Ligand code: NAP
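Okay, here we've got a single chain as structure tokens, the form predicted alone, with questions on binding and movement later.
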């Protein structure tokens, strides 16, 4: 029986690449999306066309009631959760800290940080041997911004990803003897649509010369790191953040 994986924000970018690759590796995948049902449906169609198992699950991870309903649907449609990729996240328009509203900051932290906490909480309740589970794996999406700070652009986003890294370390230690591994992946400049939502669709390519490898990364390259951390090949890896940054 296929291991069940939930990928939040799985309809595009890194999330979609992860869902597709994990399905090829034998996971039954729940593809979460917030509003773009057509994109999520396309990911599921591609997985099923390749002989895999997948469903879509709508939920805004910043809303606890929707997260609870999402996990219930995964339980009912696919069975016991074995893996979670906390990929859903947002970036806002570039701005300095002295220009940021409380509404912007609260939205950023609610989705990027609290959403990841609540999804991980529900995953642990299903995976932990303490709760009668059989173990599992959680991979959180951080960002090179957590190290770089993103001055003049996205300090709030960078701070949210710094929180994700502390969360990863703490949760990993908390559940290490309950059969659960928890790690993070720290993508660098990746060619995805998230840059457009921050008002800079060409940002990755503009900054590519600052990367030691002199190019942007692809969503597929990040997905390969995520799926490795999900796999038994990473069985002794927990509490770690894996850079996929081209050396940046």
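Numbering follows the first chain given and starts at 1. What you see is a predicted model; the values in this text were computed from it and never measured.
Just so you know, the form predicted together with the ligand exists too; it's not on screen, but the next bit is about it.
Note that among 22-30, 182-190, 205-213, 45-53, the stretch whose heavy atoms approach the ligand to within 4.5 Å in the model of the complex is 182-190.
Shown here without its partner, the chain carries 88, 111 and 161, all of which come within 4.5 Å of the ligand in the model of the complex through at least one heavy atom.
Of the heavy atoms in residue 36, some are within 4.5 Å of the ligand in the model of the complex. The closest heavy atom approach of residue 123 to the ligand in the model of the complex falls outside 4.5 Å. Within 4.5 Å of some heavy atom of the ligand in the model of the complex lies at least one heavy atom of residue 142. Though the partner is left out of this view, residue 167 does not reach within 4.5 Å of the ligand in the model of the complex, counting heavy atoms only.
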